[in-house]
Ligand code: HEC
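Given next, in structure tokens, is a single chain: the form predicted alone.
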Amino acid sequence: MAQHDRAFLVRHPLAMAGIGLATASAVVFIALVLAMYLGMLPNPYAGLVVFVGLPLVFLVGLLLIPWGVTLQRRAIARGEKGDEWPVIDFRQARTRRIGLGIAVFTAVNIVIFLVAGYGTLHWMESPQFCGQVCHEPMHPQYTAWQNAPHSNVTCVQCHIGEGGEAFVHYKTAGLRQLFHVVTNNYPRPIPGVADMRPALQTCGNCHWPERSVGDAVRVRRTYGDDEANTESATALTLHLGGPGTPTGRGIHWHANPNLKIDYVYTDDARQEIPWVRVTRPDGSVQEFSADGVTAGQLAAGQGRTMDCLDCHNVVAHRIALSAEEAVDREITAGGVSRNLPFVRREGVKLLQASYQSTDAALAAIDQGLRGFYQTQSGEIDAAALEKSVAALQTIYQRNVFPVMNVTFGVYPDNIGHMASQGCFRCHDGSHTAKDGSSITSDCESCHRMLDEVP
């Protein structure tokens, strides 16, 4: 076939569309790869567009070319003849002006596409996108995240991360979750244990596991249900420790990167841990089994290597473990006034009641607390009452979500062991090794109570 005839074959609309798609996607791909190389696209979603989306568009363009050529061959075989294309002569000034205009508009369109694409990627990685647009069931987690210490860390920094492998894994899971959202077929509440990457790839970007923290003093204040809302304070010295401490012991002994702790859990919340294996830096291995555990139970469980998230499991979006804890914290912070008689008791009672909706709860809290003090003798501080009503309503809005069946204590918090098993999942005195040793349950290995509150 002559050169002219071969050129005529690609004039079919499908072939021309394929050439356009392949060329445009190739240009955009090169531009975005350069942008990523220069650090202009740190967005985790950029991997989807650059290394998945654009190559697919390029492939579709390449496939359209032979398809169009085949259709053109068949048309020629049937005796059909397509229209000849006009001759473009750049020796003419008018043709040069038109060509220059097309080139300029094409360049402008590419810039617009790149800017719009970058904006889309940036928006898709925002917590607002995760918590409000596509992931409506995540409203409790999104609300808790807004009031957490890590509210300056975006969702994708922990839940997706960088790299094509991480992106494909977690966004494939995201497509499945999106299907459940569209079909309104998702658990209520959403399970508290997420499929997270290893902690050193997330927490380790800011926190240094080899750092020796030493000791820290913490004071926990609780209040009574009596008229004076009597305060009780407990002061503890926490032996946070770390790999570099003289003994290498303490709470953060578990975070030693030279130490490996594997365990088996038998429930979805990872609260039941019947077996633990410790591999120490010297290579020695010790296995601990809970009293009465059987081989069948272990076989039915799932294995995991311990990392930061096994203790700090709700660090990014914590729901209060109880209404009592939430009210105590707000009294300590000054949001709920201790000057109001029985405010702790009445506040807890209102928060623990069952309501059909958040609006109904907010109205009931307002009416309930005001109504209670209308029945009391003596003068009530109106400003303190107003402030306390608002604080109790805020507690409810941050911790209770009737539509998702989320309320106080629905998600265990493994830091400590006051309202959840926490440390006692392993440090309960029942996990023993074959040599008779056991995982310590000595309280003072982690903390020591102070006689006086500082």
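Numbering starts at 1 and runs along the sequence shown. Keep in mind it's a predicted model, so treat the numbers as computed, not measured.
The protein also exists as the form predicted in complex with this ligand; that form is not presented, and the subsequent description refers to it.
Chemist: Among 139 to 147, 179 to 187, 374 to 382, 346 to 354, which stretch has residues with heavy atoms no more than 4.5 Å from this ligand in the predicted bound form?
Modeler: Selected range: 139 to 147.
Chemist: V193, I273 and I439 - do all three of these have some heavy atom no more than 4.5 Å from this ligand in the predicted bound form?
Modeler: Per the other structure, all of V193, I273 and I439 touch this ligand.
Chemist: Can you check whether M449 is within 4.5 Å of this ligand in the predicted bound form, heavy atom basis?
Modeler: Although this ligand is absent here, M449 would touch it in the predicted bound form, with heavy atoms inside 4.5 Å.
Chemist: Using a 4.5 angstroms cut-off on non-hydrogen atoms, would N414 count as touching this ligand in the predicted bound form?
Modeler: Because a heavy atom of N414 falls inside 4.5 Å of this ligand in the predicted bound form, the answer is yes.
Chemist: Although the partner isn't part of this model, could you tell me whether C130 comes within 4.5 Å of this ligand in the predicted bound form, counting any heavy atom of the residue?
Modeler: The answer is yes: C130 has a heavy atom within 4.5 Å of this ligand.
Chemist: Contact with this ligand in the predicted bound form for S232, defined as at least one heavy atom pair within 4.5 Å: yes or no?
Modeler: Flag for S232 set to no.
Chemist: Which one of A323, I365, L340, A316 is close to this ligand in the predicted bound form, taking close to mean a heavy atom within 4.5 Å?
Modeler: Checked against the cut-off, the match is A316.
Chemist: With this ligand left out of view, choose which of L64, V389, V400, C426 has a non-hydrogen atom within 4.5 angstroms of it in the predicted bound form.
Modeler: Only one listed residue qualifies here, and that residue is C426.
Chemist: Counting only non-hydrogen atoms and a 4.5 Å cut-off, give the residues of 275 to 303 close to this ligand in the predicted bound form.
Modeler: Sequence-ordered list: V276, V278, R280, F288.
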